[in-house]
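Just the one chain here, laid out as structure tokens, in the form predicted alone.
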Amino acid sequence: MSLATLIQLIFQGLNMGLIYALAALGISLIWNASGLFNFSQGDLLTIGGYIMLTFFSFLSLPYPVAFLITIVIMGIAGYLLSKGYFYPMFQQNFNPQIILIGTVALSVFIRNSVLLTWGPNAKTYTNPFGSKPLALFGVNLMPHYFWNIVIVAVLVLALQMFLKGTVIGIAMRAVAQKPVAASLMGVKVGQMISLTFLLSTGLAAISGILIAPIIPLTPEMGGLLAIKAFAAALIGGLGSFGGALVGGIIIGIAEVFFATLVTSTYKDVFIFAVLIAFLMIRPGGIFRADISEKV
């Protein structure tokens, strides 16, 4: 393998890994806030991609405008889902397994809604960053590799600043760590959980937006993407902010190298093997997040 090919594969894997990492970060946020595995996260990613397709491709809005509109719509949807669907179940002390099944039901509902609205055929839109590779020091790299890295880096830094430097962000972290104590201190736990769902759904939408020019949109794509996002969260350490990023990058790079050097047919099986190996060797993930209290 030449050095140029190696660099291309690393950038390609990093690009996909960061997209998985955003979805994994959304999963971790909800887990921290409510102890809930949201199995609809992948389908929220899918519908985010389709909404972007509608505004950017069908309605021909400028990419930044369509990007912001999609995030706002999905964030509001996440907030309403929390308020009208999930939080009432938390309030009435539903069995966690029932709530978990509720996320699966939501996943099926979203998937069928996408199928009914946009049809079964795969869809994509023109890559807004250009489809002509950039030749840098003898290495051909797609422009969206760099743009996606910049977008994810800005998002992660902004999210860190929000969670650590604002009153609402600190309240959300307090709810994630000690919800009872936070409630006694006057924090509105339900409101913070709803805002966490808003952030998580917004991150899923961004993942869908970034992946749509790379992988054709289909109503069923969310299931497999969700599995890879969950794998990223578990490998990095469920509930860990940095773990989601590291886990996503590991999954993305491993997937690309296996597909290129071995076979693309069994790349998803390989990801499952990587996840199983991590769970056997280091069950808590790389950052060993303490999940015992949430189970």
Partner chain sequence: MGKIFDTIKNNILIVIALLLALIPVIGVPSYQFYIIERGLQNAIIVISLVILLGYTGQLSLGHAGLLATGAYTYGILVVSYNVNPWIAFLIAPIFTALIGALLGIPSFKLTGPFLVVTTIALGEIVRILILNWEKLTGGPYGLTGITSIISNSKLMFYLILIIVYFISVATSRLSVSKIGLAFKAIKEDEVAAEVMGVDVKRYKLLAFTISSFLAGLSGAIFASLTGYLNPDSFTFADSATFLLMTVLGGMSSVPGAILSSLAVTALPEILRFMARSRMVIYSLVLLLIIRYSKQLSSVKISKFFLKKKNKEDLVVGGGE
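Given the structure is predicted, the values throughout are model-derived calculations rather than measurements. Residue numbers count along the first chain shown, from 1.
Omitted from view is the form predicted in complex with the partner chain, to which the following refers.
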* Thinking of Ser57, Val156 and Ala176 as the candidate spot, does the partner chain come within 4.5 Å of a heavy atom on all of them in the model of the complex? -> no
* **Residue among Leu106, Val152, Ala77, Met221 with a heavy atom within 4.5 Å of the partner chain in the model of the complex** => Leu106
* Though the partner chain is not shown, can you say which of Ile168, Val189, Ile101, Leu141 has a heavy atom within 4.5 Å of it in the model of the complex? -> Ile101
* Structure fact -> Here the chain appears without its partner; judged in the model of the complex, the stretch of 49-57, 33-41, 66-74, 241-249 with heavy atoms within 4.5 Å of the partner chain is 33-41
* Asked: According to a 4.5 angstroms non-hydrogen atom cut-off, is Phe230 in contact with the partner chain in the model of the complex?
  -> yes
* **Non-hydrogen atom contact Leu18 with the partner chain in the model of the complex at 4.5 angstroms** => no
* Asked: Is there any non-hydrogen atom of Leu14 lying within 4.5 Å of the partner chain in the model of the complex?
  -> no
* To do: Using a 4.5 Å heavy atom cut-off, state whether Ser183 contacts the partner chain in the model of the complex.
  => no
* To do: Let me know which residues along 61-96 have a heavy atom within 4.5 Å of the partner chain in the model of the complex, or say none if there are none.
  => Gly84, Tyr85, Pro88, Met89, Gln92, Asn93, Phe94, Asn95
